[in-house]
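In the form predicted on its own, a lone chain appears below as structure tokens.
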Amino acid sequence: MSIRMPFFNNRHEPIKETLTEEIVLEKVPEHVAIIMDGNGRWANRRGLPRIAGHKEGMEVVQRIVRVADKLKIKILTMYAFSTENWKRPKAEVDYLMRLPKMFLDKYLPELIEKNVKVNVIGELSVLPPHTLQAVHQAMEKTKDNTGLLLNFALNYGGRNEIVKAVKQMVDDVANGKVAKEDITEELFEQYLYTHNFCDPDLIIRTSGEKRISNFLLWQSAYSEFWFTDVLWPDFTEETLKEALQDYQTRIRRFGGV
């Protein structure tokens, strides 16, 4: 079964459908993760403040959520803010911490209508109260939804996640909850933020950078990667289709033959 959908331009308006290859729904990855990079550069090239790029990027998130929902992708994980992003200028960080509330104030009703479940992974305890309130409210209001899992990585770092998991496991061994000889990869995964959903099948990174940037280090062991020079605010449905088309040509052996 294949599907055709209308394309969108960078103004987020529908434009005429173009002649492209179709996406085979049976081969759509279950879990797509995206490193949304290039907001600042997008703004700089237009003589705009960096926060203008972040605001434009926020609109792109919802557009891609709509596409993922249509394609029946089960999990969409968006790398929104890393543990290293605190090093950025305070004004930019403050704006980035307001974006979750801005996004959810605008789009949560639509997400609820579309049966999308919102989830957030990362070290949430250090987030500003207004950010924390917004994400907790969204998770609570969508907790029973059964459609697309929209997963935001917020104040997330792969190394930090692994260290935190190790500490929790060490405590459980010390308290007799876990025996050392019973530790396996499968058990370790239960201590990760992602313990209740599958690893990403496809990881997309925008802006031309070709690195993982501390994102889902454990979970990406056998993920397929797709890199594009497109800056995140210019990422369209067509760009996503290119990534999915390329993914569907690959043979995943997971170490076998």
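Note that this is a predicted model, so its numbers are computed, not measured. Residue positions are given as counts along the sequence shown, with the first one as 1.
The same protein has a further form, the form predicted in complex with a small molecule, not shown here; the description that follows concerns it.
Student: Can you tell me which of 108 to 116, 182 to 190, 161 to 169, 92 to 100 lies within 4.5 Å of the small molecule in the predicted complex, counting heavy atoms only?
Tutor: One stretch meets the cut-off, namely 92 to 100.
Student: Flag R41 as yes or no: does it have a non-hydrogen atom within 4.5 angstroms of any non-hydrogen atom of the small molecule in the predicted complex?
Tutor: Residue-level check for R41: yes, a contact with the small molecule.
Student: How about R88: is it within 4.5 Å of the small molecule in the predicted complex, going by heavy atoms?
Tutor: Contact check for R88: yes, within 4.5 Å of the small molecule in the predicted complex.
Student: Hey, in the predicted complex, is R66 touching the small molecule, heavy atoms inside 4.5 Å?
Tutor: Judged by the heavy-atom cut-off of 4.5 Å, R66 is well away from the small molecule in the predicted complex.
Student: Contact with the small molecule in the predicted complex for A80, defined as at least one heavy atom pair within 4.5 Å: yes or no?
Tutor: Yes - in the predicted complex, heavy atoms of A80 and the small molecule come within 4.5 Å of each other.
Student: Which listed residue (V28, V230, A52, M58) meets the criterion of a heavy atom within 4.5 Å of the small molecule in the predicted complex?
Tutor: Selected option: M58.
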